[in-house]
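Here you get one chain, nothing else, as structure tokens; it is the form predicted alone.
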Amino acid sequence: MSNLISLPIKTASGVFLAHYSEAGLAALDFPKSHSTRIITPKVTAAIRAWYTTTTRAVKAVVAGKAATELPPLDLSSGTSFQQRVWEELLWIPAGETRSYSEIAKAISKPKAVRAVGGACGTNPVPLLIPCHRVLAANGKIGGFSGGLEWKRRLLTTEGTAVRS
């Protein structure tokens, strides 16, 4: 992630770290041990505007609400297949879930269930591209790049019943 501008987003749930390229939000890290004192080069007006939009979206999702607007997303780090999966995930409303199989069928690749899981695992913006809303066929939560506790927390906050 070189040449990215990294800016912290403080929430009641911790500090997320947003990474911007010249094209938009390229990655979003969950709260962890990263420093909240990020020194960045000059931030453009576009990135300032994207940061404001990202901050509102992150705070909404953490509160269990739908983000009303997203910044431009730079998904160029993914393959065309991964990008198709990530774009499909954007259609899952807050409070609803889909299975990996349903996502595979939605992108016209019904046999690519494991690949869909892999794409979810490499999602660079896992809070705003809601891979936490994707469950195993048996309704269990499976994995999540932000950690299973975050997945449970986000689903519960959105009003989704979670099976262990």
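Not measured: the values here are computed from a predicted model. When you see a residue number, it is the position in the sequence shown, counting from 1.
The same protein also exists as the form predicted together with the DNA; that form is not shown, yet it is the one meant from here on.
In summary, the region of this chain contacting the DNA in the predicted complex, judged by heavy atoms within 4.5 Å and restricted to 136-144, 21-29, 7-15, 152-160, corresponds to 136-144. The shortest heavy atom separation between Thr79 and the DNA in the predicted complex is within 4.5 Å. Under a 4.5 angstroms non-hydrogen atom cutoff, the DNA in the predicted complex has Tyr100 among its neighbouring residues. Contact annotation: Lys109 falls within 4.5 Å of the DNA in the predicted complex, judged by heavy atom distances. Among residues of the shown chain, Val125 is not one whose heavy atoms approach the DNA to within 4.5 Å in the predicted complex.
Only one of Ala46, Ala115, Ala60, Leu70 comes within 4.5 Å of the DNA in the predicted complex through a heavy atom, and that residue is Ala115. Although the DNA is not shown here, in the predicted complex the stretch 52-74 places no heavy atom of any residue within 4.5 Å of it.
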